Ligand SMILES: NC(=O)c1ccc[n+]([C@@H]2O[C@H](COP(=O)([O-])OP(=O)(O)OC[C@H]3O[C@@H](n4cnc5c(N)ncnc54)[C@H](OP(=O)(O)O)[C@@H]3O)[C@@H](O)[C@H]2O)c1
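A single chain, nothing else alongside it, follows as structure tokens in the form predicted alone.
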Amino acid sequence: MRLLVTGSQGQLGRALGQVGPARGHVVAGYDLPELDITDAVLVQRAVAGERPDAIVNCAAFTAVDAAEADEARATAVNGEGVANLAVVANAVGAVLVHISTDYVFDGRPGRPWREDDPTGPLSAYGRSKLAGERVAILAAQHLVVRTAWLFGKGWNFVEAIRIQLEEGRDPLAVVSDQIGSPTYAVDLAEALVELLEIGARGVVHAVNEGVTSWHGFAGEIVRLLGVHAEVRPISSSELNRPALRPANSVLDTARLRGLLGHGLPPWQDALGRYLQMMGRERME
């Protein structure tokens, strides 16, 4: 299988660049400035040159707070750019795999969110990602994969906590009233490729197993790093960020487990493997 990955230098794009070839697939990665998915001509040229079996869209405007001040730009990338990909996917008969987010939901407390639950984004970022979902399904063959709390090689929450610890920050103040499932980019990439291999279509939720808060996530990072530092819980209102975040980002993964016969590993296991990988890289 030939995969064209947009946003190839992001956390998930990098993971796909490793996982795809390891599973016997050819991966062609594109990112800025070489490919801007809002440029229909550049998108058509790249896809025509690669003739992929699947286009995996990892490109996104991910600055959640910045999107509040520039929703037009966020929507151009997360919505209109996806429409460009859907058009070329249809032209070459490729599957369009679009990566979406828990932010398309309103985060009301209760059970985990299922694929067919009503959407209701709270933020400009969430609205822009929902716009992307709505045009992704214009591709005759499409797979929309919603995920959450992603961490992998690159800038992420784990690295933000690590840097604060290295700077001697103690205590750390971390939000405790938002819950979700931390998700390792490598595990998600494995699931994406497996879903393509079995011909999955439609909407699928994919996150690592288990639920925690950002505060609980930070506490586990501190513990695994072996650092003695207090992690103090605070409320979202105390953090006072421009964009509202869902209080409940827990995604139901029953469909994923039904399709693959397994879910993603527990998030604690994934975090441990990520920290070991980053530790080895620092020693090289």
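All figures in this text were calculated on a predicted structure; none of them were measured in a lab. One rule holds for the numbers: they count along the sequence shown, beginning at 1.
Only in words, not in the display: the form predicted in complex with the ligand, which the text now covers.
Of the listed positions (A60, I221, V47, L256), a single one reaches within 4.5 angstroms of the ligand by any non-hydrogen atom in the model of the complex, namely A60. Only one of E68, D252, D53, D36 lies close to the ligand in the model of the complex, with a heavy atom inside 4.5 Å, and it is D36.
Stretch 147-155 is the contacting one of 130-138, 108-116, 147-155, 194-202, since its residues have non-hydrogen atoms within 4.5 Å of the ligand in the model of the complex.
Contact check for L32: a heavy atom falls within 4.5 Å of the ligand in the model of the complex. Contact check for D187: every heavy atom lies farther than 4.5 Å from the ligand in the model of the complex. At a distance threshold of 4.5 angstroms between non-hydrogen atoms, G10 is in contact with the ligand in the model of the complex. Residue contact with the ligand in the model of the complex: I161 places no heavy atom within 4.5 Å of it.
Annotation for 95-128: interface residues with the ligand in the model of the complex are I99, S100, T101, D102, Y125 [heavy atom within 4.5 Å].
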